[in-house]
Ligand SMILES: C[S@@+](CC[C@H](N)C(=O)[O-])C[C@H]1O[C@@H](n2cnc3c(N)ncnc32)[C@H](O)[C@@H]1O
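Presented below, as structure tokens, is a lone chain in the form predicted on its own.
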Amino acid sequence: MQMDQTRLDSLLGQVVNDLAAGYAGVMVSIGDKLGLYRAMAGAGPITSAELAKRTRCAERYVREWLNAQAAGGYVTYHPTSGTYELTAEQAFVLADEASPAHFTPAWQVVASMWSDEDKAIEAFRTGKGVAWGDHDHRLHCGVAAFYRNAYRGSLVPQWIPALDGVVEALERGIEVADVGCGHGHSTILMAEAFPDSRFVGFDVHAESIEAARQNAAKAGVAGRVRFEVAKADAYPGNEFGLICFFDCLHDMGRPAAAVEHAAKALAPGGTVLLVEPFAEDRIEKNLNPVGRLYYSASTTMCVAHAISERGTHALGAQAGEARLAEIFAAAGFSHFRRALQTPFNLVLEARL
């Protein structure tokens, strides 16, 4: 094969950028855990010595870290004064823990992927799965923290209002099931917004359920929210006015069984809210940065967990609306529509 030098140079440039981004992720995690970003937020231009004093860190390390951040565009460097600044936009992404665009926890997921590399290699060679609970703990914490902020900015103000009549039902008071609830952030957000409804979160991961209970107590909603360890196709109850699947159906080895169970658990006129990673139905339409992110995570997490359940499907994070619609139609749902979409999510509505 004859190589095209232009294409080779372009590929090598991409590889260097990707490698630099991998290094940068470690720097972001360090900056987050040491409070370096938070100390810079709103401080204006600051020297490395000033930042080191504020965070009780060694100046020489802080200076090198700042230069790495400036090289990546995560911090702004002022050559004349030799100072560094975290702009409002940079702080919104890196320092504001309540921001829907707070991305620093996502790097814990990457760290878990590296930590679990041997498990992934073994899964490739044997075809066996890797269950969610068998991953490095940073996966559970990183996913929970990252999605908490995304849901905080979208779930109540945008996603639920996009569903027909659901806001009104929640305001009147209904039973709500959050299937695959993880650390319970989505359940708690809904409970805070709709005090006349009652909420229960289900998940197979016992440690996540315990974390969810603690989070509910901290939020002051433990009286209206409960969390139980249960499978997605075997949780109790059959009068739910709303059943939610937040970024989890594609992880399940038996998604069809989960949807069939939801059909039985719905109250008359009830709604299923299905939130899934954004994906087109054709592979070539997903060959972009977001698709690359999702396919990579799906390889070691989503597909791996689905296979570990020895079920009927391994949908992966890029399942797409058409495949999901087929599962719901087979379970007897006559209504299935895209209520909303974002660059990262599909928000889908289903009714019997």
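Numbers for residues come from their place in the sequence shown, where the first is 1. As the structure is a computational prediction, the values presented were derived from the model and not from experiment.
Another form exists, predicted together with the named molecule; not displayed. Remarks below refer to it.
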query: D247, E280, E260, D96 - the one with a heavy atom within 4.5 Å of the named molecule in the predicted complex; finding: D247
query: Listed residue that, although the named molecule is not shown, lies within 4.5 Å of it in the predicted complex (heavy atoms), from Y84, F194, W132, F240; finding: W132
query: Triplet V109, E210 and Y294 all within 4.5 Å of the named molecule in the predicted complex via a heavy atom; finding: no
query: Segment assignment from 76-84, 263-271, 117-125, 139-147: heavy atom within 4.5 Å of the named molecule in the predicted complex; finding: 139-147
query: The named molecule contact at R226 in the predicted complex, heavy atom, 4.5 Å; finding: no
query: Contact of D32 with the named molecule in the predicted complex (heavy atom, 4.5 Å); finding: no
query: Proximity of V204 to the named molecule in the predicted complex, heavy atoms at 4.5 Å; finding: yes
query: 4.5 Å heavy atom contact, E276 to the named molecule in the predicted complex; finding: no
query: Residues within 4.5 Å of the named molecule in the predicted complex, restricted to 171-185 and counted by heavy atom; finding: G180, C181, G182
